[in-house]
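Given as C-alpha cells, the chain that follows is alone and in the form predicted on its own.
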C-alpha cells in the first residue's frame, strides 16, 4: 500500500510540475493535475488538502535535490573561490536542466503572496547558508576580505544568480550560454570580495 501511495504521490508531483509550468499555478485546476497524473480527482485529496500544499511539496522536494546536488558539487573543490565558481555554474545549469521547475520557482511562486509571506523553507535557507559558509572559509584562509559580511554577501551573490535565472526563464532568446553567465557573475563577485 505504501509503495502504491508513493507512486501516486510522485505522479501527482510530476503532473503538477508540468501543469503549473504550462498553464500557471492559478489557472491549473486540481482536475487537470489528476488527469495528467492518470488518477481520479479525489485521490489528490488523500495526499493534499488544497493546491497550495502541492506547490509547497514540489518546491520542498526539488529544494532537497538541489541542496544535495550543490553540496556534492562544492565538495569537489578545496579552494573557497573555486567553490563559489562551482556554485554559480551548478545553480545556473539547474535552470537549463529543469525548465519546468525553474518556471514554477521564478514565476509562479513569486506570484503567490500567500506562499511568499507565510512559508519559510528551511532547505532554501540551508542553500543560502552554503554560500555564507564558503565565504567564511575564504576569510579564514585569507582569500576573502575580513570586512565582507557573509550574511549580506550570500544574498548579493544569490541575487545575481537569481536574476540571471529569471532572465533565462522569461526570455525567448538567450544572447549567451549558462557558462558565460556564470563566469561573468563569478568575476564581478570574486573581484569584489577577494583580498
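Positions refer to the first chain, counted from 1. Throughout, rigid core stands for the largest set of C-alpha atoms superposing within 1.5 Å between the two forms. Only a predicted model underlies this, so the values are computations on that prediction, with no experimental measurement involved.
Heads up, the form predicted in complex with the DNA isn't pictured, but that's what we're talking about next.
- This chain is displayed alone, yet in the predicted complex one of 143, 56, 63, 30 has a heavy atom within 4.5 Å of the DNA; that residue is 30.
- Of the listed positions (149, 40, 156, 128), a single one reaches within 4.5 angstroms of the DNA by any non-hydrogen atom in the predicted complex, namely 40.
- Judged by heavy atoms within 4.5 Å of the DNA in the predicted complex, the contact stretch among the candidates 45-53, 66-74, 157-165, 130-138 is 45-53.
- The Cα shift for residue 23 between the shown form and the other one, taken after rigid core superposition, is 2 angstroms or larger.
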